[in-house]
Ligand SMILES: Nc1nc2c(ncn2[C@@H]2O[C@H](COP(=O)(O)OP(=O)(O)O)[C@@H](O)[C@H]2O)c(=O)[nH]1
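The chain below stands alone and is given in structure tokens; this is the form predicted alone.
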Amino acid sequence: MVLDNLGKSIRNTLKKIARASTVDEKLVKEVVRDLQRALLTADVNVKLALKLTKEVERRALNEEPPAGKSAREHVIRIIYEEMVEILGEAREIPLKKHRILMVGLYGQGKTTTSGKLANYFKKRGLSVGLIAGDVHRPAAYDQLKQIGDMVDVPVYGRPGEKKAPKIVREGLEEFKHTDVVIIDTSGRHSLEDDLIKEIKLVGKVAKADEIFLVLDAAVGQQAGPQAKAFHDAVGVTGVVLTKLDGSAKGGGALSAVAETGAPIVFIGTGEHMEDLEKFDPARFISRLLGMGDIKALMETASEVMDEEDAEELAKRLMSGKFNLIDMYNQMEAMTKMGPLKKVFSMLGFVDRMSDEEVEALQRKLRDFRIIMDSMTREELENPKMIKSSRIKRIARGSGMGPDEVRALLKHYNQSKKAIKGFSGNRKLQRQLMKQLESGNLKM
């Protein structure tokens, strides 16, 4: 989970509100102090943190809760709304034919992010090409080529060529029938004049629809001046913040960039090519506060499950039908969606299990799949037939013990019972549909 420490601190503050018998001035001021401390620890700009908490205090003490909402729920909603306000409006990047120019200093993750973006658009049905426009860094072409191979996207480059505009011009001709062309460019250690000059020259050739500035979240509040300088020089249309996973200074980078007026369009949340997310302030803050993000979960699931298979599984679950094949498919899809901790944050379960418990659960799910791989089709379709002799055979075939096979069967029976309860609870189904439509789990 991105900005994990900030999220935990604020969620603890929200729990203090939720557990309070009454919401009075004393509690509001205590909550505001806790919120200030959490924001400042995450490197959020001091003035911005004070402005936010002052507005939270003013609204919490003066606004009446809307009809049907308690004072506790109202204060929590105010904190949510004011934090979303810091980050500005979301900006949608359309899935259409366009060119993207990537700019930024050295070491910010520009080349890796180019590959992640290529992967993002390719998974959404668009053809993609990468152009290696970094002519200064040794092995820059080789790195981009390696990343292109990882995501199965072609790369155009001319190792040894020192004129970036020439490479870009040739690359655009090479990819003239390609939907999305992403141009990686040279960086520098600082905003030197020759860097700006080269970017402007490349920009004239590229005629890019989007110019994305890539910034490492660990630079903290310095992300703001960098974003502004690039924005003034080349007209940045969006910012990609990288390495937000575990970044202590991530709060500073988020708030500083948002203040420049250049919208954050994507965030990097890990090392893998799939670890790139569209940035939506409301959904980001919802996950940060432990409210969940069902839409993000559904989007991630749609990338790893065939639509027809997902629909068929959903129908079976809603009807109460559930066998070991269904459970296997569920586990496989969950594994492809990334670490369980990330999935849990989308569900709003971030504080319900420790890191150690999550890792143990991940290992157990892996072992369960190994055990199911040793079962016959008949056993998977009809788990009731798995008795003592079959348990021993399955244990030997999977390299596990009989107790672990029994644990799997117990887990299956518990899951089946829970799904049967859900399929018969129309009220719960209606609640889930509302959550899917709104995109957030409500507190």
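One-based numbering along the sequence shown. Only a predicted model underlies this, so the values are computations on that prediction, with no experimental measurement involved.
Unshown form predicted together with the named molecule; subsequent notes refer to it.
For the interface check, one of 160 to 168, 85 to 93, 236 to 244, 118 to 126 should have non-hydrogen atoms within 4.5 Å of the named molecule in the predicted complex; which one? The contacting stretch here is 236 to 244.
Listed residue that, although the named molecule is not shown, lies within 4.5 Å of it in the predicted complex (heavy atoms), from Pro154, Gly270, Pro281, Pro263: Of the listed residues, the single hit is Gly270.
Wondering, does Tyr106 line up within 4.5 Å of the named molecule in the predicted complex on heavy atoms? Output for Tyr106 is yes: heavy atoms within 4.5 Å of the named molecule.
Exercise: Thr111 in contact with the named molecule in the predicted complex, heavy atom 4.5 Å: Yes, contact at 4.5 Å.
Looking at the partner-bound form in the predicted complex, is Gln143 within 4.5 Å of the named molecule by any heavy atom? Judged by the heavy-atom cut-off of 4.5 Å, Gln143 is in contact with the named molecule in the predicted complex.
Would Arg137 count as a contact of the named molecule in the predicted complex, using a 4.5 angstroms cut-off between non-hydrogen atoms? Heavy-atom contact with the named molecule at 4.5 Å: present for Arg137.
May I ask you to list the residues of 28 to 65 that have any heavy atom within 4.5 angstroms of the named molecule in the predicted complex, in sequence order? Counting only heavy atoms within 4.5 Å of the named molecule in the predicted complex, no residue of 28 to 65 makes contact.
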